[in-house]
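Given next, in structure tokens, is a single chain: the form predicted alone.
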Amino acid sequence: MLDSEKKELMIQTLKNKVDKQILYYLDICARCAICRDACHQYKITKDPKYIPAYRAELIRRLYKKYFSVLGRMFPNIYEAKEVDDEFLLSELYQVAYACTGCRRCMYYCPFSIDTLQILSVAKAILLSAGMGNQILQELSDAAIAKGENIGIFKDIFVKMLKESEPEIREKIKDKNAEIPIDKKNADVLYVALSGMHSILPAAIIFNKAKINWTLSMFEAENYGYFLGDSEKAKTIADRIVKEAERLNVKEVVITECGHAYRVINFFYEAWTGQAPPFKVTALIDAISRYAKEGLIEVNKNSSSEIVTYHDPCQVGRNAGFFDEPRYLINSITDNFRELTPNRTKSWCCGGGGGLVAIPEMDEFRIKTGEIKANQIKEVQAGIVISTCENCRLQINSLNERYELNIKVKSMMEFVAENLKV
């Protein structure tokens, strides 16, 4: 049982977070169950708690108890629940942090109910109860600490980058190719992920395209967003915004990471009330533009391997990038084969929402990725491309579990491998 002070904080959080939009969602849901068959987690587990409408019902039960006359008077009849109900909180934790945020349910819902927005209320309540996911909390705090102590890491980071530059020069036959960092007045600030796998292919492309660019000191991923803590998420995003302002860049290009692009391009303004003073571009959009403008050229790959593309939920359904990856793939191979369904109807791979970072979710996410594994098997793919890091990590896990015998690549890797030099 939670103490009275914490319980009061949870009630106040519920009151603050349930705005008119959330109330509309809670009121208009017809319990038609269309969302049930749109959710990959329910389709695989058949567990009712993963039905999107049921996830929303948990919030509705809390709201009824404190802000509905009938719920306060007749809690048993109207299934109204106290915020410290242990069973409800346990279910709330499971369904909130299990959700990948793919929003496939919203696409099929006749009222466009956004379950992800409703679950943001759930996460806020859990955080106020001290029940947020511990791993995501630690990763968020580590990112904030790095932002406050960036000077400690800079020399090591620069050394690592310099050691990688000869590979770029050899690849594109340009002795002047480099990975610039902390460069003022560049046209582009590129924000990568942790590790050279998301820096090197992009650096090859930027240098080949003769882009005036510089690399961010910070990683694109934002675990505060997955945690559901908007203050931490804003603080993590602020590192990138302030760096871009200090360097006076014109455009910030976010690497192949769906949530990272959406955090800077969509959510940052909502959190701060101010849009970033620069253009925000997803890397897939930038690479496609460079190819169309003739800044880079690709070779037609003669391999007979079947190539397929997984539409990441955050890059595709939630950000609208469908044609750009297909344009690039078809420029490189004649052996492209679509997964079915795809684009707006694409099934989630099962690894979004931060699940790949949460060990307790490992078995669940791999199990619920079976639909995606079966899609890949059906097209007999040899190469699976995706423009999202979490998707690639998940599909690599599916590759091992379901013996798919595939190679999983990022789009920047696929393009860099097939650049005409």
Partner chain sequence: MNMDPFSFIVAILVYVAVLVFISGMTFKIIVWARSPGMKINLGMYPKPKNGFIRFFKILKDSFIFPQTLEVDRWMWVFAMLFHFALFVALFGHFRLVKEFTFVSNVIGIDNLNTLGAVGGGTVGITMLIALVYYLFRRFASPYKDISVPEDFLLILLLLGIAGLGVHMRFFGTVHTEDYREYFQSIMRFKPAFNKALAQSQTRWVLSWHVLFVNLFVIYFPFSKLVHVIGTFFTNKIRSE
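Positions refer to the first chain, counted from 1. Remember, predicted model here, so these are calculated numbers, not experimental data.
Omitted here: the form predicted together with the partner chain. The next part is about that form.
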Selected contact from Val280, Ala319, Leu339, Ala143, since only one has a non-hydrogen atom within 4.5 angstroms of the partner chain in the predicted bound form: Ala319
Heavy atom within 4.5 Å of the partner chain in the predicted bound form - residue from Tyr78, Tyr290, Tyr93, Tyr327: Tyr78
Cys29: touches the partner chain in the predicted bound form, heavy atom cutoff 4.5 angstroms: yes
The partner chain contact in the predicted bound form: Glu269, any heavy atom under 4.5 Å: yes
Interface membership of Val18, the partner chain in the predicted bound form, 4.5 Å heavy atom rule: yes
Contact test in the predicted bound form: Arg262 vs the partner chain, heavy atoms, 4.5 Å: yes
Candidate spot Tyr42, Tyr107 and Pro110, all three touching the partner chain in the predicted bound form (heavy atom, 4.5 Å): yes
Options 385-393, 54-62, 349-357, 371-379; stretch whose heavy atom lies within 4.5 Å of the partner chain in the predicted bound form: 54-62
Residues in 22-38 close to the partner chain in the predicted bound form, defined by a heavy atom within 4.5 Å, in order: Leu23, Tyr24, Tyr25, Asp27, Ile28, Cys29, Ala30, Arg31, Cys32, Ala33, Ile34, Arg36, Asp37, Ala38
